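Coming up is one lone chain in structure tokens, specifically the form predicted on its own.
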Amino acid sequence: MSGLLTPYKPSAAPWDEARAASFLRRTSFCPSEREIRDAVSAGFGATLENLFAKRDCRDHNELDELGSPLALRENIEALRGWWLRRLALTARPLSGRLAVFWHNHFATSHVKVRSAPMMLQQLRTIERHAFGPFEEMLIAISRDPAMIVWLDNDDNVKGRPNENYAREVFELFSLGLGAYAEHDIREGARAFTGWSQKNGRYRFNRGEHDYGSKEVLGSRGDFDGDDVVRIAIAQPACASFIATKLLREFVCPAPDTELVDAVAEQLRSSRFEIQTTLRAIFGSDMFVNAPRDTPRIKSPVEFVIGVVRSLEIDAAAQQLSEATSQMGQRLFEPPSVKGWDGHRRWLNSATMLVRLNGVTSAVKSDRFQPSRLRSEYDLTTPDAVDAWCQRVTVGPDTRIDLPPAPDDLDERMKDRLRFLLSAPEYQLA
């Protein structure tokens, strides 16, 4: 294993409240006080493993069952709120983060697909394969009805290949610009001929498939779409491409070459098991201890879900959907095949104002209950309230000079939270 991914040892740098809070913010969403305390109590090893747990909480599972009935109503707005509410309730926040990450990677929009059941089906596919292997995920996405409609593979037939899907398989899904040629796209498109859908189900139309020999990325054979996926993933560029995207999501917006190479090697050695690779990243001393000179800006989903989870607000699905959409991230409707650009593009004068107004609304809402939180976590003094507010927002290791605040402890909590959630530091992940 590369020295950059050397495992973190709590014996050398103690696993304390500050490290636990920082770790949970970067691997999940902003954590609640309960999550921070549980992480410290469990220890680092158990906290790391809990990120990959397979079981979820009862509230999340009960809500999960409503997805299909909502989709059948063809109300994409309701389905968007349903997804966000699941993120707010889940006991597996890393799984939620990954689902949004892969949704952006395989950016598909309801604006063109025009089928809420197909969009839900794609989300289910992403959630099922989010932890890898990447090859299985990309093959499943290649058969996904929403993707087939989105990138016109219904029109990809023998003798008249449509190159849209093959192009994005190389450019956006596996290799990146410069790692393939136009010839590879043309031949790759032939391999995906006949991959279509009917009534929201994948259908392979043998009569429209080109069974002839093809040359793709230096390999020749009677390839189909599965073969093209495997050939693409075997290219050296694929590991670097996926490593870069994972690092941008969880470590920093511009990872250096040495770190990308280390994670790419981890991907190759694990046969592109995303879970194994993330465990190596999150379990490294680099991740737990290294200072971050260039943190990235939170997406609207991270921002909103982080607020409601850390403050333990029982937010309504419609409120979550409206808030994230107004901040520039409408789930199920990415702006293009490239998805959301992210990082600095998330913030401008309009979206920052929405964030600030949203913070004020959240802490003034009847759904936020400072008295309950103070009682549950024994916050009986001004100093205790101040420390709690900082712990669940920017973390105890971040230095911020708090302004004067009311003596009343409930009002003090609201005032402190408005200030901290609006601070530049809270916008950073």
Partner chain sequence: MSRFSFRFVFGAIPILALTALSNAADKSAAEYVPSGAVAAVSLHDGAGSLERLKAWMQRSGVEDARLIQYVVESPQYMQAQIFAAGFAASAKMDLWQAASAILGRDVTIAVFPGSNKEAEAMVVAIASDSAGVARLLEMAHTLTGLTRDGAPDPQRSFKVGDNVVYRAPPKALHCFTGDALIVTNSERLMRVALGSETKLASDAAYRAAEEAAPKDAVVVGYANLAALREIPKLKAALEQKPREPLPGMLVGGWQQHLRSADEVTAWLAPSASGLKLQLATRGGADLPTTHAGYAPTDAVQYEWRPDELPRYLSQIQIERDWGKLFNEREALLSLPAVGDLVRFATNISTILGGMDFVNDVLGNVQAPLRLVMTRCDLSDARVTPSPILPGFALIAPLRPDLDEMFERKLFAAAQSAINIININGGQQGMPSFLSEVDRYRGYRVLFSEYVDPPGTEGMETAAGGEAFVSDKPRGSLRYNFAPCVSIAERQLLVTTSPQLLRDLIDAIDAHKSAPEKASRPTLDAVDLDFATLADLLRDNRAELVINRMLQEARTREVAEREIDAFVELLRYGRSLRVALETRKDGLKAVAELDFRAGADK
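Predicted model, so just to flag it, every value in this text is computed and none were measured. Positions refer to the first chain, counted from 1.
Form predicted together with the partner chain: not shown, discussed below.
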item: Interface membership of Arg186, the partner chain in the predicted bound form, 4.5 Å heavy atom rule; value: no
item: Asp314 within 4.5 Å of the partner chain in the predicted bound form, heavy atoms; value: yes
item: The partner chain contact in the predicted bound form: Asn199, any heavy atom under 4.5 Å; value: yes
item: The partner chain contact at Pro404 in the predicted bound form, heavy atom, 4.5 Å; value: no
item: In the predicted bound form, the one of Asp378, Glu62, Asp366, Asp383 near the partner chain [non-hydrogen atom within 4.5 angstroms]; value: Glu62
item: Interface residue in the predicted bound form among Gln318, Asn205, Thr294, Asn357, criterion: non-hydrogen atom within 4.5 angstroms of the partner chain; value: Gln318
item: The partner chain in the predicted bound form: contacting segment from 329 to 337, 159 to 167, 251 to 259, 71 to 79, heavy atom within 4.5 Å; value: 71 to 79
